[in-house]
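Only one chain is given next, in C-alpha cells, and it is the form predicted alone.
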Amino acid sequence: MAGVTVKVWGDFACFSRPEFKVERVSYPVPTPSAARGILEAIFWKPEFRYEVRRIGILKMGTPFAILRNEVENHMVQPFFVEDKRQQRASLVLKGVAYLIEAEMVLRPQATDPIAKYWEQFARRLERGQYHHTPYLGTREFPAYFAPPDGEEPDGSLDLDLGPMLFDIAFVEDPARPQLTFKRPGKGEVKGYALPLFFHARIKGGWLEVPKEKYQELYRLEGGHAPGT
C-alpha cells in the first residue's frame, strides 16, 4: 500500500444525499466515494484501487440555494430540451477546501509494484495533470487540486453527521440482472448496485473513514478487490 494526500478546493460543491429524491441537498462534507472519484480523475489504472482513509475539512463552505434547469431523466434518443426541461432547487456548498488522505492498494490481477503507480500519481499531482476534470460532487462544480501546502484542518471542529453514503458495491447476481458491468477475467456480468453507508463523525477537523467498510465492499463484490 502507498499513501497519497491531495488538497482540493472549489467555488461550489454538491455531495448529494440519496434520501432526497427530487431536490438535491448536499452532505456538509465529501463522501468517501466522492473523494475517491477526485483521485481517480487525477490518475487511475485497473491494477489498483484507492481506499480513502480520512478527509480533512479546511473550509466547511456555506449552504447556498440555487435553481437550475435540468432534463427530467437520462435520454438515449435525440429530444427537444424544451419538452423535457425541469427546474429543480439545490442546496449546495459555497467555498470549500479539503485534504484527502488515501491509500493505493493493488488489485489481485496487478503484476507491477505499487511504487510504480504511486510515482505516476505523484508526478501528475505535481504537474496538475488529470484524466478528466475532477469535480466536487457534480460535474458542474470543478475541483482544483494541488499537493498539500501545510494548511491543517480546524482542530476544534467536531460534528456528528449521522448516516453517510460510503460507496456503491456492484454485486454479481444473475438472478437480479439490473446492471451489466465488467469483472477482471470474466468480462461482462450481470447484477445490481448496492449502496453502503456508515456513521460519519468529524473529530478534530477530520472525517475518519472506517477501514472495515472496504472489506465489506470487497466481500460483496466477490473478491475482485484489493487484498483478496
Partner chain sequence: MLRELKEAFRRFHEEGVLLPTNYKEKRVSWLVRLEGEKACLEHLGRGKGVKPIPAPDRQRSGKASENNLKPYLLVDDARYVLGIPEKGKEKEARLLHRSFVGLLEEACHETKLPALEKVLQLLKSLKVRTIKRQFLNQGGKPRDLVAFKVDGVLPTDLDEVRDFWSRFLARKLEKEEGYCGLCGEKKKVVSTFPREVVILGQKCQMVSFNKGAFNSFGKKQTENAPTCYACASQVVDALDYLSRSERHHRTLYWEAKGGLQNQLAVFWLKEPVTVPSEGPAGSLDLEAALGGLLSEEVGPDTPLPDLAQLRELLKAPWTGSQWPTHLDEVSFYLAVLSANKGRLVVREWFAVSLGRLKEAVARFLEATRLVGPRGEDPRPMAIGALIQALGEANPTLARDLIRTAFLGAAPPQELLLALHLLRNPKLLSPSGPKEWGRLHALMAAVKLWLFYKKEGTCMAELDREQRNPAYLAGRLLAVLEEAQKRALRYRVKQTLVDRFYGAACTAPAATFGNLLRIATTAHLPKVGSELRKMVEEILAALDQAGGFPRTLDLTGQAEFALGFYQQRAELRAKSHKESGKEAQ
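Numbering follows the first chain given and starts at 1. Only a predicted model underlies this, so the values are computations on that prediction, with no experimental measurement involved.
Note that the form predicted together with its partner chain isn't included here; everything after this is about it.
The candidate spot formed by 72, 162 and 193 is fully in contact with its partner chain in the model of the complex: every one of the three has a heavy atom within 4.5 Å.
At the 4.5 Å threshold, heavy atoms of residue 176 reach its partner chain in the model of the complex. The closest heavy atom approach of residue 212 to its partner chain in the model of the complex falls outside 4.5 Å. Taking non-hydrogen atoms only, residue 116 never approaches its partner chain to within 4.5 angstroms in the model of the complex. Contact annotation: residue 111 falls outside 4.5 Å of its partner chain in the model of the complex, judged by heavy atom distances. Shown alone, this chain has one stretch from 96 to 104, 146 to 154, 117 to 125, 83 to 91 that lies within 4.5 Å of its partner chain in the model of the complex by heavy atoms: 83 to 91.
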